[in-house]
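What follows is a single chain, given as structure tokens, in the form predicted alone.
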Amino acid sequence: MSINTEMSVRVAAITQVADQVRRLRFERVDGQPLPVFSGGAHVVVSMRDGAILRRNPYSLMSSPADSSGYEISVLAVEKSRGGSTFLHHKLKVGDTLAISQPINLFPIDQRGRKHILMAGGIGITPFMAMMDQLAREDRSFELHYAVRTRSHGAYWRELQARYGARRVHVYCDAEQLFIPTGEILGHQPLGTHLYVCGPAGMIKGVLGSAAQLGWPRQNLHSEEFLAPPPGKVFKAVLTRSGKTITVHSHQSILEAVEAAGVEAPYLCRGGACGQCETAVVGCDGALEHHDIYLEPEDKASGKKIMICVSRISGSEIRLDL
């Protein structure tokens, strides 16, 4: 049975919330409640764009207590692979889409005595639902949110109004205001958990600072969905399916496999969850790993690949699919 079950939803509302950011609300076509989710969860949105089927993950930012609809926020990306452009310029209120069941790879750790949330840009979205949940559970938390400019930063006014400026701290690059990571992380009580979501450089820097300050690894949590990078065209031989397919330059192996009518498991499609890990039977070139899931020794072995984001430098790969 496929794990990639989908639900049909209608676009109930589209709201421009900041420069280059719009919020979308989805409600079930059949009018039934949507499945319950927890703060930090995401869904995969399937978009039929002409002959192309695009599937992208987006964090759920609406209240986990509201099962009447799901809300996501989408950043307009200048060099979009297509999903951002579709959701910003082609989707209209009333259109129907398919979305996956909610999946949580970035949950609140229930052992935490306090929760520090650090967001950069559109990385604020999973924290919207997490803060709603933490507030309803009367748990201690604070948000540190970095934005490029005040107009680019979505939701900061709303969050400060709801939770107060003592719990929601906003930093603006244009005003030379930056998150004092070392100061914040160096003065927290035992049992504090840290969550970070935003650009790759920010995540790496925050987690590196925490490690240097002696934070336990199990108290550090991050989420980053990676887009598959472009590359040269190559062939993928699917040994179990008996098919040979072409992986085009702006297409992931997973997308090419799906286009050929072969089902492959996935949860995040962003190199983070490990669900699409596939055994490599053979390859005439080096594997180009772009995921953040496989351990270095697994990448060096040449026997595993995450087909949602990784590629090869050669002309052909043989996969156990």
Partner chain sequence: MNIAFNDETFRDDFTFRNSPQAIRRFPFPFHEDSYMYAVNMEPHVPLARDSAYGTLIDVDEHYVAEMRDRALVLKEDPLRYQALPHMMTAQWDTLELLMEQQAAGYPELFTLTRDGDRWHWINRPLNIDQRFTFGDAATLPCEPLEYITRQAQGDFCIVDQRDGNLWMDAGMVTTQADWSLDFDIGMNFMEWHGPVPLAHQIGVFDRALKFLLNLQQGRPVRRLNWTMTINARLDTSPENYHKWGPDRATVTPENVGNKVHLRCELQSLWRLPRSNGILFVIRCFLIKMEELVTVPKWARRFHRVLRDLPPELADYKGLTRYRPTTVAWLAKYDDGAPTSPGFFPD
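Note that the structure is a prediction, hence the values are computed from the model and not measured. Residue numbers count along the first chain shown, from 1.
What comes next is about the form predicted in complex with the partner chain, which does not appear here.
Enquirer: Just give me the single entry in Asp95, Glu158, Asp109, Asp173 that has a non-hydrogen atom within 4.5 angstroms of the partner chain in the model of the complex.
Expert: Looking at the other structure, the residue within range turns out to be Asp109.
Enquirer: Would you kindly say which of Ser140, Thr85, Ser249, Gln101 lies with a heavy atom within 4.5 Å of the partner chain in the model of the complex?
Expert: Checking each option against the partner chain in the model of the complex, the one that comes within 4.5 Å is Gln101.
Enquirer: Quick check on Gln275: any heavy atom within 4.5 Å of the partner chain in the model of the complex?
Expert: Yes.
Enquirer: Does any heavy atom of Ser222 come within 4.5 Å of a heavy atom of the partner chain in the model of the complex?
Expert: It does not: once the partner chain is placed as it appears in the model of the complex, Ser222 has no heavy atom within 4.5 Å of it.
Enquirer: Applying a 4.5 Å heavy atom distance criterion, does Gly282 contact the partner chain in the model of the complex?
Expert: No, Gly282 sits far enough from the partner chain in the model of the complex that none of its heavy atoms falls within 4.5 Å.
Enquirer: So in the model of the complex, is the partner chain close enough to Leu226 to count as touching (4.5 Å, heavy atoms)?
Expert: Contact with the partner chain, no.
Enquirer: Tell me, please, which stretch of 252-260, 282-290, 37-45, 22-30 lies within 4.5 angstroms of the partner chain in the model of the complex when heavy atoms are compared?
Expert: It is 37-45 that comes within 4.5 Å of the partner.
Enquirer: For the stretch 210-224, which residues lie within 4.5 Å of the partner chain in the model of the complex by non-hydrogen atom distance?
Expert: The one in contact is Gln218.
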